[in-house]
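Next comes just one chain, in structure tokens: the form predicted alone.
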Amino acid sequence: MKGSLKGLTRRRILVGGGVALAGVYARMLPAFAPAFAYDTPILTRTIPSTGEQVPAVGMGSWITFNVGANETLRAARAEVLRAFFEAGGALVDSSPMYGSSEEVIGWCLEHLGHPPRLFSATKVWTLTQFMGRRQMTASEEQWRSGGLDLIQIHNLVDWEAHLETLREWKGEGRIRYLGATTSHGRRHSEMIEVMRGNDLDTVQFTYNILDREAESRLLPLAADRGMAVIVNRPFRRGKLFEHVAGHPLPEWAYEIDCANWAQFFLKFILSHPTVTCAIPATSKVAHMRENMGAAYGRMPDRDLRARMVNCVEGL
């Protein structure tokens, strides 16, 4: 982006007149409500290996929850989590790679009284099976949640060693699901190899309205193999908001109940039939409410998805 727009945040991006009107309605709703009021429940998707339903918008924690021992910042993050759960969220994703994030999440969950809807998802990110066991045991302790639902092999680091441990832990009931992740396109070929040769419950990779490489191989393979798909970098690490800065949301966005660009971007992802959950990260309660609004209301069909891509690519 040009220098004058680069510093723009999501909150400062202008939206169209119809969306401004939607904001009036939003202020009339309870503090935990999404941007529109719906008679339908939150959108959920199925984990193929068990049939369990999970809300389609989850929460990432990279950077945003890495606040160390500062209790003021921890309390602020607890309010972000509170807004997430009040809006119907469940899946919270983290990793030992994310600094103090796991420890901070555990503190927040305890502060909130351990919300019953939590679906805890973390990762193992180290070399050797021995070190992986130590790291995963530490994660269990830091989350303070009485166990972890899902552990994923982060960016496929030493995946064969950790997969053996995860199968063991799943067999013992220590975790409910196992998976693998990548956030780099150069690792797609390796991820495909792992997916083809192993029974994973979940896979996690990057997919958004401008980064659509996953549509060609990863998403079809996940569908064929019966694997749940968790989508990371749904906002391209915030770059999508810079891309649309100064541009109003198209008037036709009301057709899919979008009140802001965050919901526009997320609904594009969630409308893909193979996607199980997208995990945007935020440190702001207002942004969390915007994100969760994407799990309510109408979703785009194939034609509208193409229109959304053309709109964003044309800016």
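The first residue of the shown sequence is 1; numbering continues from there. It should be emphasised that the depicted structure is a prediction, and the values quoted were computed from it without experimental measurement.
There is another form of this protein, the form predicted in complex with a small molecule, and it is not shown here; the text below is about that form.
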Contact at G68, G106 and H111 by the small molecule in the model of the complex, all three, heavy atom at most 4.5 Å: no
G89: touches the small molecule in the model of the complex, heavy atom cutoff 4.5 angstroms: no
Distance check, S49 to the small molecule in the model of the complex, heavy atom within 4.5 Å: no
Exercise: S61 in contact with the small molecule in the model of the complex, heavy atom 4.5 Å: yes
4.5 angstroms heavy atom contact with the small molecule in the model of the complex for A56: no
Option from 188 to 196, 161 to 169, 139 to 147, 175 to 183 whose residues, in the model of the complex, bring a heavy atom within 4.5 Å of the small molecule: 175 to 183
